[in-house]
Ligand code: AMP
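Presented below, as structure tokens, is a lone chain in the form predicted alone.
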């Protein structure tokens, strides 16, 4: 199959690495791509004059390039209707249509879906102005001792504020209604604070009723670290590292997620005639009474994807093709059947599991000095990174690149989250050791990098 991967970040680098291993891949294209992804794929020949949000032009070029399948990485493209446009051009796309992508682009919509499906989540209110948000938040704080403010729209993982005081609320409001986030905060969700341990569940959802693996294929649980600094201090970020699987969950954790969350979700979407074919990311607070959802994302997480791709030996492209009902090659059906009949492991559901279920994976993000607000980045001299970091490497250690620039044949660090260093091993100690040894090696030359030192520590 000729596959086009949409995206340019560390998540897409990890996806490209995973798709490239498929027995079904003939050629992998990416757009807009990145210097790290270039080692695994060819960039789609889209004219440079075309903007990164001109998906209609991208669809035309993809059609001319005889692309068999599009896999979308980032949520923004889906929220802007990438899947709708590709489908109009007759190109099967793994990523939900715009209307279903509102599960992420509108937290208010997601809350309505959860309420309709009886999916366990926090009680909530909605506010459509700063004054209304302040009034409702202060009232919730007084009655319940804490409140969570969330921008309903897309905010790159920076639109959530846990507030335990009036000062916290005022700080959250100043961020939510700042020029940078004002559009995402046209509606704000005011949530009760859930008490428990946070984790995420990932799966591939399909619309094909004859799918060999069913409509839900699990990829498993993972945990990421949102705060910038050790011991969960500092501002929220897009994620500073993570690990999988999740050893502190009960043995029936995935079964509960399927029964209480994913199956009711699909029923509501079917009832609303919103076909969903793509990745799903369920943000979960595991409480004393079991899982409660605090968000849905319509794509994989970053940096969780960088962990997930190293954990299993599944053929993700074969599963994606099956979810879309594509059977272009004779060996696809038996491949899917083999996957569907493979072994189960702790926290896994629906009979789909990898061949190395005991494998542990740890990812550590290396970010620029001023992340997450960019303060001080303008004073950083870009660091040259060796190309060897982004080549195939071993199955136990990978470096996935995100914010990178290519200049005169050199690969330079950019701003924000630049690298995700991922290690795998038989134990979490093994995985951590591999990841952090690589981080320290890279930091000898990239002295402006910052990272957390406590990822997957004391699980």
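Numbering follows the first chain given and starts at 1. If you superpose the two forms and keep the largest set of C-alpha atoms that fall within 1.5 Å, you have the rigid core. Computed from a predicted structure; not experimentally measured.
Unshown form predicted together with the ligand; subsequent notes refer to it.
Candidate site formed by 107, 122 and 226: every one of these residues places a non-hydrogen atom within 4.5 angstroms of the ligand in the predicted bound form. Proximity to the ligand in the predicted bound form, taken as a non-hydrogen atom within 4.5 angstroms, holds for one residue of 97, 385, 285, 326, which is 285.
Contact with the ligand in the predicted bound form, judged by any heavy atom within 4.5 Å, is made by just one of 148, 184, 249, 274: 148.
Taking the partner from the other structure, the ligand in the predicted bound form has no heavy atom within 4.5 Å of any heavy atom of residue 230. Proximity of residue 194 to the ligand in the predicted bound form: non-hydrogen atoms within 4.5 Å are present. Contact annotation: residue 160 falls within 4.5 Å of the ligand in the predicted bound form, judged by heavy atom distances. Although the partner is absent here, residue 315 sits far enough away that none of its heavy atoms falls within 4.5 Å of the ligand in the predicted bound form. Remark: of stretches 83 to 91, 257 to 265, 148 to 156, 213 to 221, the one touching the ligand in the predicted bound form is 148 to 156 (heavy atom within 4.5 Å). Along 292 to 306, a non-hydrogen atom within 4.5 Å of the ligand in the predicted bound form is carried by 294, 295, in order along the sequence. A movement of the C-alpha atom of residue 147 reaching 2 angstroms or beyond is seen between the shown form and the other one when the two forms are aligned on their rigid core.
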